[in-house]
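Consider the single chain below, provided in structure tokens and representing the form predicted on its own.
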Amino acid sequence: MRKYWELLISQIKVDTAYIAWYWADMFSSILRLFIMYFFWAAVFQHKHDLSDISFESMITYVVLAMIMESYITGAGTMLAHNIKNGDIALELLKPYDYLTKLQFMDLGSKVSGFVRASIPVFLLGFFFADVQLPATPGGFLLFIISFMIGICIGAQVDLIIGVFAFWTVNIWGLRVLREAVAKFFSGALVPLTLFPDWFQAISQYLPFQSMIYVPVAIYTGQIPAGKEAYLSVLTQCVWLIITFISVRIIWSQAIKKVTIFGG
């Protein structure tokens, strides 16, 4: 396990080594924050609420959803890239589990991203854009747990897309489709409660709402604290297990296609 932690730390060092990119990413995230704030301020200009959601609750939701959306992809892109350029052959010869390595390196990038962009965006949102704190410490703790599970589900779904690079010439189309579907069904744009009932019913049978909507809705109180919130987290755990097993099954079939010459 130590080698994976070393890879995680090395990835953080790589990410922080490029200062210009570091500040550009922070500036980009802050700019998106203010764009969303003024957009929703215009929407609520003559309204007190939208489907029983207040302006403060809505802006809290969209800011947190924006933060979470940046964490649900990563490892799959590197996997697909290594498959396409042939580096996967060398990776499979090295003394580590390749998927675990990718996930730890991805976690390193997310840790640096959390410090670089998420903390500044949340603090600016809290002090200048009416972002609210959770109602109770217990709700905040449950949000953190749900947040971590949501990120893990996103990483597994991203890996599934990446593995398909073994069978496709290019996974660009799959990634575009996946991002479009995830944006709607995960609640990354607006709360799922604003969509029609049939749309909400479909989303319950997909893993995407467990990636963003559930954690953020627990934070904002749209999923009430107590039994409903615990059931939502339990559902997330089920989706995490399903996606994790799916990745391993697809991966075990995919590497049978790899033939390595020489060595």
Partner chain sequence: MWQKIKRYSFLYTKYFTSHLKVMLEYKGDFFIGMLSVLVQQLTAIFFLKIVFDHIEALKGWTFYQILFIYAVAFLGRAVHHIFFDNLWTVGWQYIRSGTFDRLLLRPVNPLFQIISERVQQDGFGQLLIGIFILHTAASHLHIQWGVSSVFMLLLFILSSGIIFVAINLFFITFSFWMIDSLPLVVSMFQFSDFARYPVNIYPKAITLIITWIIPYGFTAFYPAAYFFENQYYSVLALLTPVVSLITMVLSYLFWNRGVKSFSSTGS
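Positions refer to the first chain, counted from 1. What you see is a predicted model; the values in this text were computed from it and never measured.
The form predicted together with the partner chain exists for this protein as well; it is not shown, and the discussion that follows is about that form.
Q: Only one of 234 to 242, 202 to 210, 218 to 226, 44 to 52 has heavy atoms within 4.5 Å of the partner chain in the predicted bound form; I'd like to know which.
A: Residues of 44 to 52 come within 4.5 Å of the partner.
Q: Check Ser28, Arg32 and Ile35: does every one of them have a heavy atom within 4.5 Å of the partner chain in the predicted bound form?
A: All of them do, each having a heavy atom within 4.5 Å of the partner.
Q: Report yes if any heavy atom of Ala24 sits within 4.5 Å of a heavy atom of the partner chain in the predicted bound form; otherwise report no.
A: Although the partner chain is absent here, Ala24 would touch it in the predicted bound form, with heavy atoms inside 4.5 Å.
Q: Counting only non-hydrogen atoms and a 4.5 angstroms cut-off, does Asn85 reach the partner chain in the predicted bound form?
A: Contact with the partner chain, no.
Q: Are any of the heavy atoms in Val176 no more than 4.5 Å from a heavy atom of the partner chain in the predicted bound form?
A: Yes, Val176 is a contact residue.
Q: Please determine whether Trp172 contacts the partner chain in the predicted bound form, using a 4.5 Å cut-off between heavy atoms.
A: Flag for Trp172 set to yes.
Q: Answer with one of Ile161, Leu189, Leu99, Ile145: the residue that has a non-hydrogen atom within 4.5 Å of the partner chain in the predicted bound form.
A: Of Ile161, Leu189, Leu99, Ile145, the residue with a heavy atom within 4.5 Å of the partner chain in the predicted bound form is Leu189.
Q: Please identify the residue among Ala180, Leu133, Leu123, Leu93 with any heavy atom within 4.5 Å of the partner chain in the predicted bound form.
A: Looking at Ala180, Leu133, Leu123, Leu93 one by one, just Ala180 meets the 4.5 Å heavy-atom criterion.
Q: Pick out the residues of 196 to 228 whose heavy atoms come within 4.5 Å of the partner chain in the predicted bound form.
A: Contacts from 196 to 228: Pro196, Trp198, Phe199.
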